[in-house]
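Encoded as structure tokens, the following chain is the form predicted alone, with no partner shown.
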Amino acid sequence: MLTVFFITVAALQAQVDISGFVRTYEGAKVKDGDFSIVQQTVNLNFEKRGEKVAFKANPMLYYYNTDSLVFRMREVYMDMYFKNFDLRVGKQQIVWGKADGVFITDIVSPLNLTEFLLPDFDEIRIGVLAAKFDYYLGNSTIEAIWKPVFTPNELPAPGSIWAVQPDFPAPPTFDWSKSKVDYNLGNGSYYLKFSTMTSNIDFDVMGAYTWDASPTMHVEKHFAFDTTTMPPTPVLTGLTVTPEYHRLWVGGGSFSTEIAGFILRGEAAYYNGKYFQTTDPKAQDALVKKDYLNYVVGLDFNVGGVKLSGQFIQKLILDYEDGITEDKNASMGTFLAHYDALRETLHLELFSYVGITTPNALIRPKISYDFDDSFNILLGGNIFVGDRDGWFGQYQDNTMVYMKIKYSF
């Protein structure tokens, strides 16, 4: 709170541009009527832009229920502008790629998954401490990023309706001694992207030496021997689970082009060095190390004023082995339909994730109305359906309706 106060005072003194919003957001589960979220939000943007330098600070306050206050400094950085390049230093959100609703090459900013994929995507991404260098060559840009400090994904807390307990064969004991990545120069992450725009196509290629933003669960099995049998039979008595973060090499790219009024998009990334859980008794720590390919192809078009978009997403584990707990080929689709009416003040939208390999889905209808340029009210639903083994179907009991009222300034 003191940080927000001092930023506000400094902003008033320096004639900084101030914008933001206040929002109330309530959601209730359909199954039992319990409130799944009661959240009040204050978002502030302080910005000052000059010819050679600029800065931005974006503090956010989340007030949950009636007793929990969460402060986040989502971004706070400084820009420096030169003749052929720019430099941004500080905590910032960095968005890569061209996919909607999925993260393929968009791996610079980790994710806040404490409420699954339901918040707005600019709030799901976590700001990272980084230095970002953009060098301009005509219609092309070379972007280099150094993240000196590792920031992981934020996962749901135990007891949350979004927390999923892994299916262990025996009660686990957790060892958190390796769950922290030390702050030192050797543990930095590095990203490089080349992007260009032509009259026919926009595309980029990227590479990264980074960390897996979610921890790998190393599993050590403990046995006792049943001496009533001959020979004595080993019996599993417990597990020690050690979460640990590992390095990844990533390479990929994305493109978009217009063909006869249709926008064709694509994005792909090759991940080297990912650990996967396995039931193979010979595997050390119940893990195998494999590479995988993740890609998406999308198509956007308009029909009668309705914006339509579809995507096909697939994850392919290479050199697959029996026992890996994930599917060799996991496929999913997304669908978006959006329509504006009443002079673009009434907005109707349907977005859905649809699992193909495992039949399940998340369906997200919503309707919103702009009373004026600053005041908006939104009604929506998050409908989880399908196989409980699926990524979305496991949350069947969390199907909800919600309302957001937002004032922007």
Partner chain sequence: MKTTIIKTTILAAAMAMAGHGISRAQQLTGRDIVEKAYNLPQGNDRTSILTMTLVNNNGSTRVRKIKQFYRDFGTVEKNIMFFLSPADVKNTSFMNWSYDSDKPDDQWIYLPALKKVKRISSDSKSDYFMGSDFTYDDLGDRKLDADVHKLLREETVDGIPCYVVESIPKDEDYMYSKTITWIRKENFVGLKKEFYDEDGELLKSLSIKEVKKIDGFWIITHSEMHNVQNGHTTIIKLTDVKINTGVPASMFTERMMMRGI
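Being a predicted model, the structure only gives us computed values, none of them experimental. Numbering follows the first chain given and starts at 1.
If you look for the form predicted together with the partner chain, you will not find it shown, but the lines that follow are about it.
**Q** Three residues, 64, 76 and 154; all within 4.5 Å of the partner chain in the model of the complex via heavy atoms?
**A** No, the candidate spot makes no contact with the partner chain.
**Q** Please tell me whether any heavy atom belonging to residue 373 falls inside 4.5 Å of a heavy atom of the partner chain, as the geometry stands in the model of the complex.
**A** Output for residue 373 is yes: heavy atoms within 4.5 Å of the partner chain.
**Q** Please tell me whether any heavy atom belonging to residue 276 falls inside 4.5 Å of a heavy atom of the partner chain, as the geometry stands in the model of the complex.
**A** Heavy-atom contact with the partner chain at 4.5 Å: absent for residue 276.
**Q** Residue 98 versus the partner chain, in the model of the complex: is there a non-hydrogen atom within 4.5 Å?
**A** Answer yes; at least one heavy atom of residue 98 falls within 4.5 Å of the partner chain in the model of the complex.
**Q** Taking heavy atoms only, is residue 389 within 4.5 angstroms of the partner chain in the model of the complex?
**A** Residue 389 lies outside the contact set for the partner chain.
**Q** Using a 4.5 Å heavy atom cut-off, which of 280-288, 235-243, 326-334, 189-197 contacts the partner chain in the model of the complex?
**A** Single hit among the candidates: 189-197.
**Q** Of these, 210, 216, 93, 114, which has a heavy atom no more than 4.5 Å from the partner chain in the model of the complex?
**A** Exactly one listed residue reaches within 4.5 Å, namely 93.
**Q** Between the options 162, 168, 85, 270, which residue brings a heavy atom to within 4.5 Å of the partner chain in the model of the complex?
**A** Exactly one listed residue reaches within 4.5 Å, namely 85.
**Q** Heavy atoms within 4.5 Å of the partner chain in the model of the complex is the criterion; list the residues of 383-409 that meet it.
**A** Result: 408, 409.
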